[in-house]
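To begin, one chain is listed below as structure tokens, in the form predicted alone.
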Amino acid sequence: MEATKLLDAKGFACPMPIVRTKKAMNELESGQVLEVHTTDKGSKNDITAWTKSGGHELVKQEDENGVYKFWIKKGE
């Protein structure tokens, strides 16, 4: 998955991964993809819910050795 920007939020606890994701998404244009890496288990639910409520699309999600990876396409 090709991402426009990578956000490394590993080591941060809730709510920082969401706060940083929101800030990074504000810097993107509609249709661009943000790749987010986090180690906070709560991010799986938080980012999924935030993506839906913000009108964005969760394109892909992976768990890799304790790192949760998300690819979020910015909505209109």
Partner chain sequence: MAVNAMKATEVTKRVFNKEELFILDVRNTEDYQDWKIEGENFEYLNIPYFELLDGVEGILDKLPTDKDVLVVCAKEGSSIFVAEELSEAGLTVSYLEGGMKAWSEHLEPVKIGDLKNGGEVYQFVRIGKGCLSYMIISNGEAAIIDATRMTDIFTDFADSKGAKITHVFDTHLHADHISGGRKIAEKTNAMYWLPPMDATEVTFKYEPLEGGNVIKIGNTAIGIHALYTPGHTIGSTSFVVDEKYLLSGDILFIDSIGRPDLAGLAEDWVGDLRESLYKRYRELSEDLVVLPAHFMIIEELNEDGSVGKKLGDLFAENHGLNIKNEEEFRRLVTENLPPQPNAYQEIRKTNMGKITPDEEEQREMEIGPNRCAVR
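Note that the structure is a prediction, hence the values are computed from the model and not measured. Residue numbers count along the first chain shown, from 1.
Omitted here: the form predicted together with the partner chain. The next part is about that form.
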Notebook entry, point to check: Going by a heavy atom distance of 4.5 Å, is residue 18 a contact of the partner chain in the predicted bound form?
Noted result: yes
Check: Does residue 35 make contact with the partner chain in the predicted bound form, using a 4.5 Å heavy atom cut-off?
Finding: no
Note to self: Just checking whether residue 14 would be counted as a contact of the partner chain in the predicted bound form - the rule being heavy atoms within 4.5 angstroms.
What the structure shows: yes
Next item on the list: Check whether residue 30 has any heavy atom within 4.5 Å of a heavy atom of the partner chain in the predicted bound form, and answer yes or no.
Entry: no
Notebook entry, point to check: Since the partner is left out here, which residues of 40-57 would have a heavy atom within 4.5 Å of the partner chain in the predicted bound form?
Noted result: 40, 41, 45, 46, 49, 50, 53
